[in-house]
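Okay, so here's just one chain, in structure tokens, the form predicted on its own.
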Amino acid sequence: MKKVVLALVLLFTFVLSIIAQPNVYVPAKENMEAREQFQDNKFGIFLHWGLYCMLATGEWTMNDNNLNYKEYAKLAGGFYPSKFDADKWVSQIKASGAKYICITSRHHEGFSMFNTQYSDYNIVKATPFKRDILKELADACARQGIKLHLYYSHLDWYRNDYPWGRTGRGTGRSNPKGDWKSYYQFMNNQLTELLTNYGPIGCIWFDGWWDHDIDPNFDWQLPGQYALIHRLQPACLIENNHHQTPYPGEDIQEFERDLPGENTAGLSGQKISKLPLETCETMNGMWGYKIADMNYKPTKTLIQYLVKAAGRNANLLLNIGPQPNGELPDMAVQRLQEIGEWTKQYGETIYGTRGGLIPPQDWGVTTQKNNKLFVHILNLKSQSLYLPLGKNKVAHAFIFKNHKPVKYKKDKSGIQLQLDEVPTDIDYVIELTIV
């Protein structure tokens, strides 16, 4: 009896210790369900759109060219994206097979792309356009059944109450120390608007933490901000592009310009967590619209990147920079259509799947859904492929696109596929039924 009482006391003490720790995040049921749906969706489109599109030199142009914040703000007076059509955007994006859209509600330039009561520096009050593009996009997403995610910048090159970090020092602001209490309240006020006035939001996608990464004493007060978001919309996921191991309160781990486990861009050396994963990449070279950047990646490269992400149990968030007139660039729309042709035929092999039992290889990756194992052959120079399946056995093997049976030989550790030809498809998929 004493042992039972002692065990109960220890359990009660442990529970109290958990409750007493403000940084211990326990996701709500709605949040856990949203994580699963996010992983099932696999593919989203990123939209970097702000005043910077008018200068057509990328989203960092204010910082890179040390543009005075007061002069830069004058761009708003001429911003009139007359051809913006939210329903057209959503239908073009949806045609690619993407399941969600993430748009910049406020980027580092400090301009709000929505109707906020906490700053007149926004698309409704400061421009002749006078329309809340975020509201129109949210409504279009709801009509067409696609999730809306919102990018939100933690740093600001425009506001004087933002404490200076390592960027935006040449924009002419007068108060390097800023007023953190004021700025933190401003952000939380805006986040409350975004999560109150625009319907269900799938995710808040933060960026800019790294602006103060050289100051170990700087406190972004993330736990309080994260708690606010989860309180307003429990199913809303949080990810932070801080290039660190995820912090308490975050629901997705982001990898910028790299697949999980890779670090070619120097931003993704962190360990891979057990959270849902996402990798973001540009369709051409820039995030924001740049008139001189026509270096769009080939459709084959983009499709294979999507497949490689899925094989690493991650989503792909593929970026487009909309034009100043409110249209998506023609080349981007073309890529969306071509990716869509592939997802119509092969979407089953990535949507709703997780990384397969065979880890990524030089020849490709695997994805898996229950007892179906999809072998995505992306780079194979022969007609033979060995698959180490361990104790798993194969009941059926066939080419996914035409259900033609594939011959194979078994051994105690796996099977040797015998193909009729050297694969030349963008993604040559073999479906195996595992028993």
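Since this is a predicted model, take the numbers as computed values, not measurements. Residues carry their position along the shown sequence, with the first being 1.
The same protein also exists as the form predicted together with a small molecule; that form is not shown, yet it is the one meant from here on.
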Exercise. Spot the stretch among 205-213, 352-360, 110-118, 140-148 with residues whose non-hydrogen atoms come within 4.5 Å of the small molecule in the predicted complex.
Key: 205-213
Quiz item: Using heavy atoms and a 4.5 Å limit, would one call H48 a contact residue for the small molecule in the predicted complex?
Solution: yes
Quiz item: Quick one: is D132 in contact with the small molecule in the predicted complex, heavy atoms, 4.5 Å cut-off?
Solution: no
Quiz item: Would M283 sit within 4.5 Å of the small molecule in the predicted complex, counting heavy atoms only?
Solution: no
Exercise. Answer for Y69 alone: is it within 4.5 Å of the small molecule in the predicted complex, judged on heavy atom distances?
Key: no
Quiz item: With the partner absent here, would N371, F400 and E431 each sit within 4.5 Å of the small molecule in the predicted complex, counting heavy atoms only?
Solution: no
Exercise. Only one of E256, D161, D293, E327 comes within 4.5 Å of the small molecule in the predicted complex by heavy atoms, so just point that one out.
Key: E256
Self-check item: The unique member of N122, Q225, N241, T343 whose heavy atoms fall within 4.5 Å of the small molecule in the predicted complex
Solution: N241
